[in-house]
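Quick heads-up: the structure tokens below are two forms of one chain, split into structure 1 and structure 2.
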Structure 1
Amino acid sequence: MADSTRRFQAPKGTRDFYPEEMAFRRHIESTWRAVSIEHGFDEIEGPAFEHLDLYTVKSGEGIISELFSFTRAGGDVPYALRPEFTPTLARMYASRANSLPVPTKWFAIPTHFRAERPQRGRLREHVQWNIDMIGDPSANADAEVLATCIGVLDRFGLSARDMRVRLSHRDVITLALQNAGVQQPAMQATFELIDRREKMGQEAFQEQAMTIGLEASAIDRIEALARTTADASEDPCTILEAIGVGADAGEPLRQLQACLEAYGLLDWCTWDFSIVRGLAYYTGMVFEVHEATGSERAVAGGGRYDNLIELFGGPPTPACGFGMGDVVLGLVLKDRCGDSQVDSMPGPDAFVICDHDDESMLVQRILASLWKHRLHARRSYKSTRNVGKLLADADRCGARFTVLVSSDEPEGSVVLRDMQSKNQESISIDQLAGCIRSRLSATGD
């Protein structure tokens, strides 16, 4: 027999979204969607689970421990809940590559799942905004992707003082490591180590570096790269030459710099050669977006991945993109912008109240009429008939107008109260919906 006193909780690393939390989430998602469309991206979506080998072909068998993987009852084909969207995007693009426009600009806002230890800013389930521009190898494509990312930050009320876009380039890091004697077999492990460097203590970093066979010269070069930061307005070639990397290596960054300047984005950006993005599929420009004080994980990250589409059966195709999760972004918005950033649930256009007990059927007919005219209408369910208390309820829920069914009004009329101006008037029920609609249009509500 089931224990009737048992209490259930959401799985660890997941969230329940009550109306207020859901309103905040929808605010984030609607902002992502609006900025994506404004920047010329089209929305796509894929399945919440894929064949397991879609992820292992890109990341190897080691990724399985990080996934929620399963085989359906009676089946033998392994699946996994998606931990990221890029493999799905690459699969989708590869299947229709010959018929898609060049460039293809896609965005998605899927839910992702990771079987890892939950911690601040990183959960087992989260929503992520993905922006990808496929088919354009130019620095302008990189800049357009960055412009879309920064456009969202700006739309949320964040500024270049609040957030920093830290830019780097995989080719620059590769050349620097090669010059320090790092051999190709150890290159990817070194990238992954550099990617984790900020989260490790110095002793642990040194120990890991020696484990993968890095010599002292390579460790010194990594430390020099990690300390190399500058405003994005500074010449990257000059910066690289100063740390022993050939100035020619900075030419791709100089091209990116010119595009960022044209878009008016340089104030947001910093050259930071500690950024490498450890995933193996990145091939060129890489970046991360961090809160300026560094108190949170990266808000967003991405870069160029020119070889990935081919890996999934498509033609050789240049591409760049990024992901921005809702968890860290939500923490930053609440910290930086306070309650003003946490959108409440949308207030009703009209809130219907009644000062006596004899007109419940009339309240229902009024609601039906307002709904038919596509107005957001609610009613009071309280037993009180105190008009002052009912008006306070309407105000608390953000109602634009209150409709009072009053015993003092002539038959067929109600009192319409403007909750902003506090003006009120008697109005025919037949004219009510049209009047509210007209006034909302006049004020832009």
Structure 2
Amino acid sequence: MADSTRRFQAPKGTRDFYPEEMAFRRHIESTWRAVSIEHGFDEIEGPAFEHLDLYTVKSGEGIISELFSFTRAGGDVPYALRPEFTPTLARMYASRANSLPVPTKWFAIPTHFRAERPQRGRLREHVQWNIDMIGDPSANADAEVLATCIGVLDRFGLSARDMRVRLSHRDVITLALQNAGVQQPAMQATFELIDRREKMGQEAFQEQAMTIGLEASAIDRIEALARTTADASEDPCTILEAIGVGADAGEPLRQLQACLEAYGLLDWCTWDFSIVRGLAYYTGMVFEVHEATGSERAVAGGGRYDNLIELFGGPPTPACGFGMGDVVLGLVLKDRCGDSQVDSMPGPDAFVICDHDDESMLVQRILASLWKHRLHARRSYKSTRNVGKLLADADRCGARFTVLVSSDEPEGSVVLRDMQSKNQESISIDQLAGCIRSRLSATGD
């Protein structure tokens, strides 16, 4: 009803970002961006909606129920808000594949949308950092992508004790399943079953395994496979033996291990063959990053997808990458790092207050001068002339310096107070901005 007193709410599963939440979001995004660039990735962005076909090509018609899809009023072309970035990435890469360098290293920090019911760690709108290394089939590329992921965790102050990078490999699992007697037609369904294993009961697992058509002996071996974990520093051959695969199949694991060792990442990583990723398009290394206690959903997930660019009309091109969403990451950061990362509102360099009725617009002139010198300057809007309250106002917003326009001061000068040392001195207005600037650089602020 178009009631004039109607109260509007944000749509289900979306978030409003007030200044504190926005500061936290920017903290996450700027960390993603900085680490991506340091690791040699270039930022890209695409449209927030695409032709619906782009998403059904890869995932089939079944995906539609989980998308926000629509047509233009009066139009008949179906569109969808993007539920993931990979199709856009593949489309962008495919249309310029011939002129792009090898490898092409791209990242993006787009918003994504999905129509399902929200739950812990999964909302209808979220921001997801995407890293992709395209055109390089080597284990080094896998490791570089992992290095970037772990680089971000480290930058957030998380350690190898806080987080676990669980590594697996589609080829190795496929071999193990074949040796266990799983027929090719049942392979993808078996992957999906393993992917869901952790949240299923023993009986449910058995039951669904039977439904797929797996034999009892195969089910036992799959369970053993999914329980197999080992430190990433362990010899892959030993692990392969445990899951019934010949040691010669372990070459990809050995290469990956060697690269991870060189990048100094082994501490973070664990071989874990319960990780398969449900998606059909992964072809090699796959991984997920979890909080160490396992109490949250995956913070990040990805792997190698050597057939995907081709599927979207590009030349056959190997690629690997991952996504990291802001929702689960935010939960983990708040839980493990406390307020130091949450409170990241920028405090002003200078805060201007005035202890009398200012009829000469001096506060405005001072602000203009500070802004002109690219200082972060704010003022008090309180009407009180009580300096104690005005200083409290400056303190509350985290000001580094306070500029006091005082009737006690001679014409053309103000009091500059250092809010950390509490020292203050009289200073000419002409020299104010330069003085603040030089003191900020002297203290490294």
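Since we're looking at a predicted model, the values are computed, not measured. Take the two forms, find the largest set of C-alpha atoms that superpose within 1.5 Å, and that set is the rigid core. Throughout, residue numbering runs from 1 along the sequence of structure 1.
Between the two displayed forms of this chain, it is structure 2 that matches the form predicted in complex with the RNA. Positional change of L311 between structures 1 and 2 stays under 2 Å at the C-alpha, relative to the superposed core.
Once the rigid core is used as the reference frame, the Cα position of G213 differs between structures 1 and 2 by 2 Å or more. Relative to the superposed rigid core, the position of the CA of D154 differs between structures 1 and 2 by less than 2 Å. For E359, the CA shift between structures 1 and 2 after superposing the rigid core equals 4.2 Å.
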